[in-house]
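Below, in structure tokens: the form predicted alone, a single chain.
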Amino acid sequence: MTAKKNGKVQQGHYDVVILGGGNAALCAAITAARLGSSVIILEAAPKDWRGGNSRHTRNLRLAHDESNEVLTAPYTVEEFYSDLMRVTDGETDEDLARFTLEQSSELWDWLLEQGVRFQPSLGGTLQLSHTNAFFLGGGKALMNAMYRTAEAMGVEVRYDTEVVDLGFDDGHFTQATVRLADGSQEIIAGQSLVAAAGGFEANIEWLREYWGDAADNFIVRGTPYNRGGVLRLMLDNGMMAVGDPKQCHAVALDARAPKFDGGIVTRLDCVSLGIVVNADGDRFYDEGEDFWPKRYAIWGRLIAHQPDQIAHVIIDEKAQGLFMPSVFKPVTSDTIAGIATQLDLDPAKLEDTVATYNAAVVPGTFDTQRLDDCRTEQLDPPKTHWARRIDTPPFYGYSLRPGITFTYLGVRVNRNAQVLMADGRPTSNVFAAGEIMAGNVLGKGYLAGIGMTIGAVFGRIAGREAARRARN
């Protein structure tokens, strides 16, 4: 039933209103629907673009005590926690972090129940076979399965529906005002709210507040619809912020990638197999610092701090076949000078950089599946692992840009996914899940697949708590 309110059409009243249409939102919707709630999902994107950044994902990380048909060895909560502390340098809410990892052990069975299927890990430099479960068919197949399950349970999904205002009474949610594709507005009321609408990485103007003009050279890997509108409304209504606005998941992306939504196929995973230089032809970071899944998400920020936000990775023939190739072909030449010319670098400078690096390499036993002993000596910055001379033509080069996946600024939550007000009081019926609250766990750094872990764990909790609040 509809009615008029302030000139806007007021639609029916729902138990649970969910903002966003990715992994976290669907986990919340299915959980709340299974508990008997009426649920509506408000997704800003058109149906063809639904799923937020989850549509581009490949896997999630989860704790497990035994291997199975996909995961090749146990991965305990303690090992998971150790990995997380290592990549974040301890910048996390330790209680929420440990709680998240403990809860992740339930995700395998739960996702199977929702129709999600898994496949063995991809190889090369990914080293994820005992930690991460890969989705059969990738992120789009994951989202299709979740939407199919949710709709079969009666969850209503509204696409092309952008939230432009939220009604709160001292932190108590009352209604959402949405703008439809034809420009008209509607009011949708609910007993409780789950915010799962992502960060603000697609809002270049907002990024520029922290990064300056460098933000103009960022490429947004995922959906162009994560502009942070819901996050801004929540912060403006007195909810507590969490996370450094300059911290983010950002990778080295092929510089030819489209401005938005290039997805996983534009990522370059060969950094640890070669060297990376900036526009001046200088190396600037240890390419072999750690396993690639523990370091790939810092390279976007590293490149963002280089002149003109561009860098170039140089490899030789020995690296071919050891990494997932980009959708774009590399430039290639039988000489380093030839590579430099094609990448618009000073040939003499790049030849010198490569020669200096080659001279510092200490031969060892090359092995991408362990932190091997192939390293450099007396080189600054060093290359700690997988250092081999770049001496076997043809040589290959890719230009790199910062590819931002999601931002870490979000809203503070507790174990019940309940959003906190700026004075520390929990809101009565407002919950958050996914990238909009990932900064509670990720103060800095990233661990491959943990974004999906956070989204699934807190999505389920938010759905459960929102349904419980609606019943009361």
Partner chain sequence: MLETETTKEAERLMTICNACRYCEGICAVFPAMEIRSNFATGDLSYLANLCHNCGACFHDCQYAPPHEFGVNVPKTFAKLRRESYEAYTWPAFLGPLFRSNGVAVCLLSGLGFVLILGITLLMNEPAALFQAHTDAGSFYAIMPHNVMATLFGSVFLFAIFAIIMGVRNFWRATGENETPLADPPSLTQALHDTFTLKYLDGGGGGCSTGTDQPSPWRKRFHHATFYGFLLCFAATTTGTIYHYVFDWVAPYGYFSLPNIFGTVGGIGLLVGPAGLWWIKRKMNEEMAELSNRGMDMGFLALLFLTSLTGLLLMILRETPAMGTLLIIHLGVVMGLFLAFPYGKFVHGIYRFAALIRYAMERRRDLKHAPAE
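Note that the structure is predicted; figures quoted are calculated from it, not measured. Each form is matched to the other, and the largest set of C-alpha atoms that superpose within 1.5 Å is called the rigid core. Numbering follows the first chain given and starts at 1.
This next part talks about the form predicted in complex with the partner chain, which is not shown.
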Inset, instruction - Considering the partner chain in the model of the complex, find the one stretch among 277 to 285, 71 to 79, 323 to 331, 189 to 197 with heavy atoms no farther than 4.5 Å from it. - result: 323 to 331
Inset, instruction - Taking 4.5 Å between heavy atoms as the contact cutoff, choose which of Q127, Q119, N237, N217 touches the partner chain in the model of the complex. - result: Q119
Inset, instruction - Only one of G243, G263, G397, G228 comes within 4.5 Å of the partner chain in the model of the complex by heavy atoms, so just point that one out. - result: G263
Inset, instruction - Using heavy atoms only and a 4.5 Å cut-off, decide whether all three of T57, L136 and K140 touch the partner chain in the model of the complex. - result: yes
Inset, instruction - State yes or no: in the model of the complex, is some non-hydrogen atom of R86 no more than 4.5 angstroms from a non-hydrogen atom of the partner chain? - result: no
Inset, instruction - Please run the contact check for R148 against the partner chain in the model of the complex: heavy atoms, 4.5 angstroms, yes or no? - result: yes
Legend entry - Distance check, R267 to the partner chain in the model of the complex, heavy atom within 4.5 Å: yes
Legend entry - Contact flag, P258 vs the partner chain in the model of the complex, heavy atom cut 4.5 Å: yes
Inset, instruction - Verify the C-alpha shift of M324 between this form and the one not shown: is it 2 Å or more after superposing the core? - result: yes
Legend entry - Large Cα move at F200 between this form and the one not shown, threshold 2 Å, rigid core: no
Inset, instruction - Classify Y296 as shifted (yes) or not shifted (no) between this form and the one not shown, where shifted means its C-alpha moves by 2 Å or more with the rigid core superposed. - result: yes
